[in-house]
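Consider the single chain below, provided in structure tokens and representing the form predicted on its own.
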Amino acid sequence: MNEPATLQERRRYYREEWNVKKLPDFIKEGMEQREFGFDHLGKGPNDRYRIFRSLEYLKRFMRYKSPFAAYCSVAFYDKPFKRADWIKSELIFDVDAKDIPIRTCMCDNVCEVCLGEAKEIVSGLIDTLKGDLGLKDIHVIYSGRGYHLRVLDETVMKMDSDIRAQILKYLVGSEVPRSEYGTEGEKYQLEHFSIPFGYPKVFTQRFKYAVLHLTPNIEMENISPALFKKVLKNRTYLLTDEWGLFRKNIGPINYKKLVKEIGALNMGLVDAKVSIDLKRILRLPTSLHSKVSMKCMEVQNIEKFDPFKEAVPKFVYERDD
């Protein structure tokens, strides 16, 4: 793994292991309204605007071409061969293990540790999508280097980019919740960790995850080295939700600085460009991620899923060391 698949290995995969019938139902249903794209040279998608009106045509194409990468649009069109007459789009959240801003492994590519951390982040996002936003038609796809969350609830499919951006900010906890409240002319302060519901709860969960996964190599613009050391020294209080002690020990003013910086850091948990792009093409589930020789596949149980057992194509095990 982490070694690109050769053309011969791709041919073996698509002719012997890949099965068009294993495409997820949400792809098969309405596939004639999606645009398909392919990368034949390993330099990015260079074959766009393709359509397939049946699984048989797609099967023949994949077996004959054995592409370096295969994609399909998150959008549905009346004229997918022109990307025209847009109907609706899936809501997408892309968590790439290589691009997570807080990775404890500090590896150059992806490894078991950062893929595990990507899975933790995705699990948190799913909980919020279901619990706070009431979304149900959520599909988890292992992309080969991380995870795609694909939401097909009709309530979100026709939303524009601006609303999708707002959902993304809520989901990752990128904006600091207000702490000043008022009633009948009186003002009072409530920190986000004192409010056990709604956005303050989401922000608290993301803040806690981020602080507990900070590593010494991470740089935050307005956090001095001395404050950073203080945060690392006192973050164990967050394990037991002793937020008051954590805030007191690093100092209330410093806490405000940290909250702001972590919010900005959280924005990098998910690729925002993917979430707001209504015409994005996304790696096709069941296809091969040839750069790392792993299968892109739908995940049925995120907690039990192990990509190093379930997403490794057979040819990898037969390579000469």
Partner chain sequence: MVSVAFLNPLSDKAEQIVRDIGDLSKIYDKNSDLIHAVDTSKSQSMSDNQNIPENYVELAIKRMEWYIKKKNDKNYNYKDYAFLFNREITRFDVVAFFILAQAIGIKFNSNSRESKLFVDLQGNIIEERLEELSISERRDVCQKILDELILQDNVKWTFLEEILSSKKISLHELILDKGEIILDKEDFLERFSDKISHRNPERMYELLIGDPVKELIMIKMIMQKTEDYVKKVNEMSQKVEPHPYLLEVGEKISKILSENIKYYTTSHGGMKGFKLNSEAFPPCIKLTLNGVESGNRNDAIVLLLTSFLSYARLYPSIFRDNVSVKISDVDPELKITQNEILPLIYDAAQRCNPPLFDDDPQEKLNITAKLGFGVHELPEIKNEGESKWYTPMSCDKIKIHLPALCKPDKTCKKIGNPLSYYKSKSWQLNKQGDNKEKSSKDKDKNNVDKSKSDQDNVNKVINPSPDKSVKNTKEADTLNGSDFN
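Keep in mind that what you see is a predicted model, and the values were worked out from it rather than measured. Numbering follows the first chain given and starts at 1.
There is another form of the same protein, the form predicted in complex with the partner chain; it is not shown, and what comes next is about it.
Contact annotation for the candidate site: Glu120, Thr204 and Gly244 all lie away from the partner chain in the predicted bound form (no heavy atom within 4.5 Å). Taking Ala272, Leu55, Ile51, Leu278 one by one, only a single residue has any non-hydrogen atom within 4.5 Å of the partner chain in the predicted bound form, and it is Ala272.
Proximity to the partner chain in the predicted bound form, defined as a heavy atom within 4.5 Å, holds among Leu232, Leu133, Cys111, Ile87 only for Leu133. Contact between Asn249 and the partner chain in the predicted bound form is not found at the 4.5 Å heavy atom cutoff.
Contact annotation for Tyr188: at least one heavy atom lies within 4.5 Å of the partner chain in the predicted bound form. Contact between Lys158 and the partner chain in the predicted bound form is found at the 4.5 Å heavy atom cutoff. In the predicted bound form, the partner chain sits within 4.5 Å of a heavy atom of Glu221. The candidate stretches are 140-148, 99-107, 206-214, 166-174, and the one lying within 4.5 Å of the partner chain in the predicted bound form by heavy atoms is 166-174.
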